[in-house]
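Single chain ahead, written as C-alpha coordinates, the form predicted on its own.
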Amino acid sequence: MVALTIDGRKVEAGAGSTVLDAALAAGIEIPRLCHHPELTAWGGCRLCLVEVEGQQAPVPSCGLAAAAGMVVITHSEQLEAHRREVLDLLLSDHPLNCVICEKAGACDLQRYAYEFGLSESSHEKEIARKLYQDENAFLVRDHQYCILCTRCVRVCEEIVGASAIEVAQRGFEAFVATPFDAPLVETPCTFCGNCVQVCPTAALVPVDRIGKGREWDLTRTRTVCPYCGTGCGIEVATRGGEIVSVSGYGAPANGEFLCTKGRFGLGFVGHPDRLRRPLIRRDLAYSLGLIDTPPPAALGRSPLGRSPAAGETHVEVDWEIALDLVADRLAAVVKESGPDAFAGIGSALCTNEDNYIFQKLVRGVIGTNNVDLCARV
(Lines give C-alpha, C1' and ligand atoms only; values in the text may rest on other atoms or scores of the structure.)
Protein backbone atom coordinates (compact mmCIF):
# COMPACT_ATOMS: atom_id res chain seq x y z
CA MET A 1 0.00 0.00 0.00
CA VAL A 2 1.15 3.54 -0.77
CA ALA A 3 -0.14 6.69 0.93
CA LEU A 4 -0.84 9.84 -1.07
CA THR A 5 -2.91 12.99 -0.73
CA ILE A 6 -5.81 13.69 -3.09
CA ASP A 7 -7.73 16.95 -2.73
CA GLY A 8 -6.39 17.33 0.79
CA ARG A 9 -7.43 13.82 1.85
CA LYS A 10 -5.03 11.09 2.89
CA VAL A 11 -5.65 8.11 0.60
CA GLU A 12 -4.12 4.64 0.47
CA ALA A 13 -3.71 2.81 -2.82
CA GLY A 14 -2.72 -0.77 -3.54
CA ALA A 15 0.44 -1.70 -5.39
CA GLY A 16 0.12 -1.00 -9.11
CA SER A 17 -2.86 1.33 -8.67
CA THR A 18 -3.19 4.52 -10.67
CA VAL A 19 -4.16 7.87 -9.24
CA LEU A 20 -7.57 7.49 -10.87
CA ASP A 21 -8.04 4.06 -9.22
CA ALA A 22 -7.08 5.52 -5.84
CA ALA A 23 -9.41 8.50 -6.23
CA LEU A 24 -12.40 6.42 -7.30
CA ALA A 25 -11.81 3.92 -4.48
CA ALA A 26 -11.87 6.84 -2.04
CA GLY A 27 -15.11 8.20 -3.49
CA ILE A 28 -13.44 11.11 -5.30
CA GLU A 29 -15.03 11.52 -8.71
CA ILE A 30 -12.84 12.40 -11.70
CA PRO A 31 -14.49 12.91 -15.11
CA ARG A 32 -13.48 10.28 -17.68
CA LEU A 33 -14.69 8.95 -21.02
CA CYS A 34 -12.06 6.61 -22.42
CA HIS A 35 -11.30 4.90 -19.12
CA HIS A 36 -12.72 1.50 -18.22
CA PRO A 37 -11.57 -0.42 -15.14
CA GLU A 38 -11.14 -3.69 -17.07
CA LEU A 39 -9.11 -2.18 -19.93
CA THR A 40 -5.63 -0.77 -20.22
CA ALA A 41 -5.27 2.96 -19.78
CA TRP A 42 -5.33 5.01 -22.96
CA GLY A 43 -5.54 8.62 -21.83
CA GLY A 44 -7.03 9.86 -25.07
CA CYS A 45 -10.09 11.76 -23.83
CA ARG A 46 -7.99 14.05 -21.54
CA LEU A 47 -10.88 14.56 -19.14
CA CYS A 48 -9.14 12.86 -16.23
CA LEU A 49 -6.18 15.26 -16.12
CA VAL A 50 -5.05 16.15 -12.60
CA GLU A 51 -2.48 18.49 -11.13
CA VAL A 52 0.45 16.88 -9.30
CA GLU A 53 2.65 18.81 -6.94
CA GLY A 54 6.09 19.24 -8.49
CA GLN A 55 4.93 18.79 -12.10
CA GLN A 56 4.43 21.76 -14.40
CA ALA A 57 1.57 20.45 -16.54
CA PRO A 58 -1.53 18.39 -15.70
CA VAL A 59 -1.24 14.65 -16.37
CA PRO A 60 -3.84 11.96 -17.13
CA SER A 61 -4.72 10.24 -13.86
CA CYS A 62 -5.77 7.01 -15.61
CA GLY A 63 -2.17 6.22 -16.52
CA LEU A 64 -0.37 7.88 -13.60
CA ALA A 65 0.95 5.37 -11.09
CA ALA A 66 0.15 6.24 -7.49
CA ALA A 67 3.35 6.95 -5.53
CA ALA A 68 4.02 7.45 -1.83
CA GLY A 69 3.84 11.09 -0.75
CA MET A 70 2.23 12.25 -4.00
CA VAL A 71 -0.02 15.33 -3.66
CA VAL A 72 -2.79 15.47 -6.25
CA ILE A 73 -5.49 18.02 -7.05
CA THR A 74 -8.40 16.73 -9.12
CA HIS A 75 -10.49 19.90 -9.37
CA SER A 76 -9.26 23.44 -9.94
CA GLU A 77 -10.20 26.39 -12.14
CA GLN A 78 -7.56 25.36 -14.67
CA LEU A 79 -8.71 21.74 -14.77
CA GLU A 80 -12.39 22.67 -15.00
CA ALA A 81 -11.67 25.07 -17.86
CA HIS A 82 -9.67 22.37 -19.64
CA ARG A 83 -12.41 19.76 -19.22
CA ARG A 84 -15.04 22.20 -20.38
CA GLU A 85 -13.05 22.89 -23.56
CA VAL A 86 -12.57 19.15 -24.23
CA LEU A 87 -16.31 18.58 -23.94
CA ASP A 88 -16.98 21.65 -26.07
CA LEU A 89 -14.80 20.22 -28.83
CA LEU A 90 -16.47 16.80 -28.59
CA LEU A 91 -19.91 18.38 -28.92
CA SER A 92 -18.80 20.24 -32.06
CA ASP A 93 -18.43 16.82 -33.74
CA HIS A 94 -21.42 15.13 -32.13
CA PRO A 95 -25.20 15.22 -32.81
CA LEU A 96 -27.20 16.95 -30.10
CA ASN A 97 -30.45 15.08 -30.78
CA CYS A 98 -30.61 13.66 -27.26
CA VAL A 99 -34.43 13.83 -27.29
CA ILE A 100 -34.56 10.89 -29.74
CA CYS A 101 -31.26 9.18 -28.89
CA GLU A 102 -31.49 5.57 -27.67
CA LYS A 103 -28.75 6.21 -25.10
CA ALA A 104 -30.33 9.29 -23.52
CA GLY A 105 -30.11 8.92 -19.78
CA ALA A 106 -27.19 6.47 -19.98
CA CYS A 107 -24.75 8.45 -22.14
CA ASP A 108 -21.54 9.53 -20.42
CA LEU A 109 -21.03 12.46 -22.81
CA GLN A 110 -24.56 13.69 -22.12
CA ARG A 111 -23.97 13.39 -18.38
CA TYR A 112 -20.78 15.46 -18.44
CA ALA A 113 -22.26 18.04 -20.80
CA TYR A 114 -25.08 18.46 -18.29
CA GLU A 115 -22.67 18.77 -15.37
CA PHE A 116 -20.67 21.46 -17.17
CA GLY A 117 -23.77 23.25 -18.45
CA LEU A 118 -23.05 22.74 -22.14
CA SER A 119 -26.19 22.71 -24.27
CA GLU A 120 -24.29 23.25 -27.51
CA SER A 121 -20.79 23.79 -28.78
CA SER A 122 -19.17 27.19 -29.14
CA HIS A 123 -17.11 25.87 -32.07
CA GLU A 124 -18.11 25.44 -35.69
CA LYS A 125 -20.33 22.38 -36.04
CA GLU A 126 -19.08 19.63 -38.34
CA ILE A 127 -19.84 15.91 -38.08
CA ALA A 128 -16.80 14.02 -39.37
CA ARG A 129 -18.19 10.47 -39.18
CA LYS A 130 -21.58 9.87 -40.81
CA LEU A 131 -21.44 6.15 -41.63
CA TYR A 132 -24.42 4.09 -40.44
CA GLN A 133 -23.90 0.32 -40.51
CA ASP A 134 -26.67 -2.16 -39.70
CA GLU A 135 -25.61 -5.09 -41.86
CA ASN A 136 -25.92 -7.66 -39.08
CA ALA A 137 -28.72 -8.90 -36.82
CA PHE A 138 -27.07 -7.99 -33.52
CA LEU A 139 -25.84 -4.40 -33.34
CA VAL A 140 -25.91 -1.08 -35.16
CA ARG A 141 -22.83 1.07 -35.67
CA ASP A 142 -23.78 4.74 -35.93
CA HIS A 143 -20.47 6.52 -36.37
CA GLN A 144 -21.83 10.05 -35.92
CA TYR A 145 -22.09 9.37 -32.18
CA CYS A 146 -18.56 7.95 -31.88
CA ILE A 147 -16.11 9.99 -29.77
CA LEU A 148 -13.10 7.76 -30.56
CA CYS A 149 -12.59 6.71 -26.94
CA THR A 150 -11.35 3.33 -28.33
CA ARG A 151 -13.08 1.37 -25.57
CA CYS A 152 -14.61 -0.92 -28.20
CA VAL A 153 -11.25 -1.52 -29.87
CA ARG A 154 -9.54 -2.31 -26.58
CA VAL A 155 -12.23 -4.65 -25.27
CA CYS A 156 -12.23 -6.55 -28.57
CA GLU A 157 -8.46 -6.98 -28.40
CA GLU A 158 -7.82 -7.37 -24.67
CA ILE A 159 -10.91 -9.16 -23.35
CA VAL A 160 -12.43 -10.97 -26.32
CA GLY A 161 -9.19 -11.54 -28.22
CA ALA A 162 -10.86 -11.14 -31.62
CA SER A 163 -9.21 -7.87 -32.75
CA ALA A 164 -12.04 -7.43 -35.23
CA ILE A 165 -11.97 -3.62 -35.18
CA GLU A 166 -9.34 -0.88 -35.15
CA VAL A 167 -8.97 2.86 -35.57
CA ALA A 168 -8.48 3.75 -39.23
CA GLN A 169 -7.26 7.03 -40.72
CA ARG A 170 -5.91 9.88 -38.60
CA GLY A 171 -6.97 13.17 -37.12
CA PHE A 172 -10.42 14.49 -38.00
CA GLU A 173 -10.92 11.64 -40.49
CA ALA A 174 -10.26 8.87 -37.95
CA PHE A 175 -13.00 6.31 -37.33
CA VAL A 176 -13.42 2.81 -35.88
CA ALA A 177 -13.31 0.34 -38.74
CA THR A 178 -12.97 -3.32 -39.58
CA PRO A 179 -10.01 -4.53 -41.68
CA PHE A 180 -10.58 -3.16 -45.19
CA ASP A 181 -13.89 -1.80 -43.81
CA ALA A 182 -15.54 -5.17 -44.45
CA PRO A 183 -18.89 -6.08 -42.82
CA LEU A 184 -18.56 -7.49 -39.32
CA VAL A 185 -19.72 -10.92 -40.51
CA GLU A 186 -16.56 -11.11 -42.63
CA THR A 187 -14.26 -10.37 -39.69
CA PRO A 188 -13.23 -12.38 -36.60
CA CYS A 189 -16.09 -10.67 -34.72
CA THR A 190 -17.93 -13.12 -32.44
CA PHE A 191 -20.90 -10.75 -31.95
CA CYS A 192 -20.50 -10.98 -28.19
CA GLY A 193 -21.62 -7.36 -27.88
CA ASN A 194 -18.96 -6.43 -25.33
CA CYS A 195 -18.12 -3.42 -27.49
CA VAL A 196 -21.74 -2.33 -27.03
CA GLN A 197 -21.37 -2.82 -23.27
CA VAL A 198 -18.41 -0.43 -22.93
CA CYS A 199 -19.48 2.20 -25.47
CA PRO A 200 -20.18 5.46 -23.56
CA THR A 201 -22.46 6.91 -26.27
CA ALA A 202 -24.97 5.64 -28.85
CA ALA A 203 -22.31 4.72 -31.40
CA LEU A 204 -23.02 1.04 -30.69
CA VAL A 205 -26.58 -0.05 -29.92
CA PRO A 206 -28.20 -3.53 -29.95
CA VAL A 207 -30.69 -3.95 -32.78
CA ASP A 208 -33.39 -5.19 -30.40
CA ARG A 209 -32.96 -2.09 -28.24
CA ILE A 210 -33.90 0.42 -30.93
CA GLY A 211 -37.32 1.99 -30.46
CA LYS A 212 -38.10 -0.04 -27.33
CA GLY A 213 -38.20 2.84 -24.85
CA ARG A 214 -36.02 5.33 -23.03
CA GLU A 215 -33.65 4.33 -20.24
CA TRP A 216 -36.05 5.54 -17.56
CA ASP A 217 -38.85 3.42 -19.09
CA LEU A 218 -36.94 0.18 -18.50
CA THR A 219 -37.02 -2.11 -15.50
CA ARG A 220 -33.66 -3.74 -14.78
CA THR A 221 -33.42 -7.11 -13.06
CA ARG A 222 -30.20 -8.86 -12.11
CA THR A 223 -30.15 -12.63 -12.55
CA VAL A 224 -27.92 -15.48 -13.76
CA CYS A 225 -27.40 -16.33 -17.43
CA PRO A 226 -29.24 -19.60 -18.26
CA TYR A 227 -26.96 -20.80 -21.05
CA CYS A 228 -24.21 -22.71 -19.25
CA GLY A 229 -22.86 -23.54 -15.82
CA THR A 230 -20.39 -20.65 -15.62
CA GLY A 231 -22.91 -18.57 -13.71
CA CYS A 232 -22.40 -15.23 -15.45
CA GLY A 233 -24.36 -12.38 -13.90
CA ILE A 234 -26.66 -10.56 -16.30
CA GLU A 235 -28.87 -7.51 -16.00
CA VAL A 236 -32.07 -7.86 -18.02
CA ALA A 237 -33.81 -4.66 -19.11
CA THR A 238 -37.53 -5.12 -19.71
CA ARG A 239 -40.48 -2.98 -20.67
CA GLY A 240 -44.01 -4.23 -20.40
CA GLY A 241 -42.75 -7.73 -19.67
CA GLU A 242 -40.68 -7.83 -22.89
CA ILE A 243 -36.91 -8.20 -22.80
CA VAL A 244 -35.32 -5.15 -24.41
CA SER A 245 -31.62 -5.73 -23.79
CA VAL A 246 -29.18 -7.75 -21.69
CA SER A 247 -25.89 -6.56 -20.21
CA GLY A 248 -23.30 -7.58 -17.66
CA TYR A 249 -23.09 -5.72 -14.37
CA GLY A 250 -19.78 -6.68 -12.71
CA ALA A 251 -20.62 -10.11 -11.30
CA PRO A 252 -17.76 -12.25 -9.91
CA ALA A 253 -17.84 -14.85 -12.70
CA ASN A 254 -17.78 -12.52 -15.69
CA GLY A 255 -17.42 -8.89 -14.68
CA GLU A 256 -19.33 -6.82 -17.25
CA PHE A 257 -18.65 -9.12 -20.17
CA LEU A 258 -20.86 -11.77 -21.81
CA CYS A 259 -20.80 -14.16 -24.75
CA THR A 260 -23.14 -13.94 -27.74
CA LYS A 261 -25.73 -16.27 -26.21
CA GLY A 262 -25.85 -14.48 -22.89
CA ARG A 263 -26.30 -11.03 -24.44
CA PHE A 264 -28.38 -11.74 -27.54
CA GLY A 265 -29.84 -15.21 -26.99
CA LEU A 266 -32.69 -14.65 -24.55
CA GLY A 267 -35.30 -14.26 -27.25
CA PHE A 268 -36.71 -17.67 -26.38
CA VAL A 269 -38.13 -16.24 -23.13
CA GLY A 270 -40.97 -14.41 -24.86
CA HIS A 271 -41.10 -16.44 -28.09
CA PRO A 272 -44.68 -17.32 -29.15
CA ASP A 273 -43.68 -20.95 -29.79
CA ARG A 274 -42.29 -21.46 -26.30
CA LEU A 275 -44.03 -24.29 -24.41
CA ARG A 276 -45.46 -22.98 -21.16
CA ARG A 277 -47.45 -26.05 -20.05
CA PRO A 278 -46.98 -29.82 -20.50
CA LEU A 279 -48.38 -31.40 -23.67
CA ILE A 280 -49.26 -35.03 -24.38
CA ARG A 281 -50.30 -36.64 -27.67
CA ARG A 282 -54.01 -36.59 -28.48
CA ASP A 283 -54.19 -40.36 -28.95
CA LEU A 284 -52.67 -40.90 -25.50
CA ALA A 285 -54.96 -38.28 -23.95
CA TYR A 286 -57.97 -40.04 -25.50
CA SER A 287 -56.87 -43.46 -24.21
CA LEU A 288 -56.50 -42.00 -20.71
CA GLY A 289 -59.94 -40.45 -20.87
CA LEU A 290 -58.65 -36.87 -20.76
CA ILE A 291 -60.48 -35.87 -23.96
CA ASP A 292 -63.76 -37.10 -25.44
CA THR A 293 -62.95 -36.73 -29.13
CA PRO A 294 -60.84 -39.48 -30.74
CA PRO A 295 -57.77 -38.25 -32.61
CA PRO A 296 -57.70 -38.27 -36.42
CA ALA A 297 -56.22 -41.32 -38.10
CA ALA A 298 -53.45 -39.24 -39.64
CA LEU A 299 -52.28 -37.83 -36.31
CA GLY A 300 -48.83 -36.28 -36.61
CA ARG A 301 -48.62 -36.63 -40.39
CA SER A 302 -48.07 -33.61 -42.58
CA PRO A 303 -50.55 -33.43 -45.48
CA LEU A 304 -49.37 -31.37 -48.44
CA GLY A 305 -46.07 -30.74 -46.67
CA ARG A 306 -47.64 -28.63 -43.88
CA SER A 307 -46.32 -29.30 -40.41
CA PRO A 308 -49.25 -29.55 -37.98
CA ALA A 309 -49.45 -27.11 -35.11
CA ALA A 310 -48.92 -28.38 -31.58
CA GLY A 311 -52.58 -27.85 -30.77
CA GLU A 312 -53.59 -30.24 -33.57
CA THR A 313 -51.51 -33.15 -32.31
CA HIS A 314 -51.18 -32.53 -28.57
CA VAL A 315 -53.30 -31.52 -25.59
CA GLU A 316 -52.36 -29.35 -22.62
CA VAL A 317 -52.50 -31.11 -19.26
CA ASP A 318 -51.66 -30.30 -15.66
CA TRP A 319 -48.15 -30.83 -14.36
CA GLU A 320 -49.33 -33.57 -11.98
CA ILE A 321 -50.80 -35.59 -14.84
CA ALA A 322 -47.72 -35.13 -17.03
CA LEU A 323 -45.26 -36.06 -14.27
CA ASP A 324 -47.27 -39.13 -13.23
CA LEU A 325 -47.47 -40.25 -16.85
CA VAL A 326 -43.72 -39.84 -17.39
CA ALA A 327 -42.92 -41.66 -14.15
CA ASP A 328 -45.20 -44.57 -15.01
CA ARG A 329 -43.78 -44.93 -18.52
CA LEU A 330 -40.17 -44.75 -17.33
CA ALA A 331 -40.81 -47.33 -14.62
CA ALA A 332 -42.39 -49.65 -17.17
CA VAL A 333 -39.42 -49.32 -19.55
CA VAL A 334 -36.88 -49.99 -16.78
CA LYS A 335 -38.88 -52.97 -15.47
CA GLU A 336 -39.20 -54.50 -18.93
CA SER A 337 -35.79 -53.77 -20.47
CA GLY A 338 -33.49 -52.87 -17.57
CA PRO A 339 -31.96 -49.52 -16.45
CA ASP A 340 -29.58 -49.26 -19.41
CA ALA A 341 -32.56 -48.95 -21.74
CA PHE A 342 -32.89 -45.43 -20.36
CA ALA A 343 -30.67 -42.42 -21.07
CA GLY A 344 -30.96 -38.91 -19.64
CA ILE A 345 -29.76 -35.62 -21.14
CA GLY A 346 -29.54 -32.58 -18.88
CA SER A 347 -30.03 -29.02 -20.02
CA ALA A 348 -27.66 -26.07 -19.95
CA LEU A 349 -30.71 -23.87 -19.40
CA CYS A 350 -31.06 -25.41 -15.95
CA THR A 351 -28.95 -24.48 -12.95
CA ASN A 352 -25.94 -26.56 -11.91
CA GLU A 353 -27.96 -27.67 -8.88
CA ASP A 354 -30.84 -28.88 -11.06
CA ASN A 355 -28.48 -30.83 -13.31
CA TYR A 356 -26.76 -32.34 -10.27
CA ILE A 357 -30.09 -33.59 -8.90
CA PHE A 358 -30.99 -34.89 -12.37
CA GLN A 359 -27.86 -37.01 -12.68
CA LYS A 360 -28.41 -38.30 -9.14
CA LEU A 361 -31.90 -39.38 -10.22
CA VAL A 362 -30.52 -41.17 -13.28
CA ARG A 363 -27.68 -42.90 -11.45
CA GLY A 364 -29.14 -43.46 -8.02
CA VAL A 365 -32.83 -44.10 -8.71
CA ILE A 366 -33.00 -45.48 -12.23
CA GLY A 367 -29.61 -47.20 -11.92
CA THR A 368 -27.74 -46.30 -15.12
CA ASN A 369 -24.78 -44.13 -16.05
CA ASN A 370 -26.35 -43.17 -19.38
CA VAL A 371 -26.47 -39.48 -18.60
CA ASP A 372 -25.01 -36.49 -20.46
CA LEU A 373 -25.27 -32.71 -20.65
CA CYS A 374 -25.16 -30.64 -23.81
CA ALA A 375 -23.00 -27.93 -22.23
CA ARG A 376 -20.42 -30.42 -20.96
CA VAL A 377 -19.60 -28.25 -17.94
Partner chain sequence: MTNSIREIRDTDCILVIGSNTGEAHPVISYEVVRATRRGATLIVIDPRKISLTRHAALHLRPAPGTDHALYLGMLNAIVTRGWLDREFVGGRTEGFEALAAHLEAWAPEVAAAACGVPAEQIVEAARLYALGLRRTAAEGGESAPPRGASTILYGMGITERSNGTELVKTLANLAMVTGQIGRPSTGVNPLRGQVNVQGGCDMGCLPNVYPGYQQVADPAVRAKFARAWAQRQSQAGRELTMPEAPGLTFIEMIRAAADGRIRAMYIMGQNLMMTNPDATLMERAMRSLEFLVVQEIFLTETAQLAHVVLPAASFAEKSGTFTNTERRMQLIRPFARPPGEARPDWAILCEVGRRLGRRLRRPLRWAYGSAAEVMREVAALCSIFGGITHERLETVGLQWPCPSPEHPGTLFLHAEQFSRGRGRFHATSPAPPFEPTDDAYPLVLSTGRILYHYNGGPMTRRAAPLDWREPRAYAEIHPDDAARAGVRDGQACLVSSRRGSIRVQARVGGVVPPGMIYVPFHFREAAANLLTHADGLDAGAKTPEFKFAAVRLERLRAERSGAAGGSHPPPE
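Residue numbers count along the first chain shown, from 1. Definition used throughout: the rigid core is the maximal C-alpha set that superposes within 1.5 Å between two forms. Being a predicted model, the structure only gives us computed values, none of them experimental.
One more form of this protein exists, namely the form predicted in complex with the partner chain; it is left out here, but the text below deals with it.
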property: In the model of the complex, the one of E158, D217, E120, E80 near the partner chain [non-hydrogen atom within 4.5 angstroms]; result: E158
property: Three-residue site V2, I6 and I28 fully in contact with the partner chain in the model of the complex at 4.5 Å by heavy atom; result: no
property: Contact label in the model of the complex: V196 to the partner chain, heavy atom within 4.5 Å; result: no
property: Close approach of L266 to the partner chain in the model of the complex, 4.5 Å, heavy atom; result: yes
property: Exercise: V334 in contact with the partner chain in the model of the complex, heavy atom 4.5 Å; result: yes
property: In the model of the complex, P188 touching the partner chain (heavy atom, 4.5 Å); result: yes
property: Interface segment, criterion being heavy atoms within 4.5 Å of the partner chain in the model of the complex, picked from 98-106, 272-280, 197-205, 112-120; result: 272-280
property: Neighbours of the partner chain in the model of the complex among 323-337 [non-hydrogen atom within 4.5 angstroms]; result: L323, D324, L325, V326, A327, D328, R329, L330, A331, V333, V334, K335, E336, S337
property: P339 C-alpha relocation of at least 2 Å between this form and the one not shown, rigid core basis; result: yes
property: Residue shift check between this form and the one not shown, rigid core fit, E53 Cα at least 2 Å; result: no
property: Core-superposed C-alpha of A174 shifting 2 Å or more between this form and the one not shown; result: no
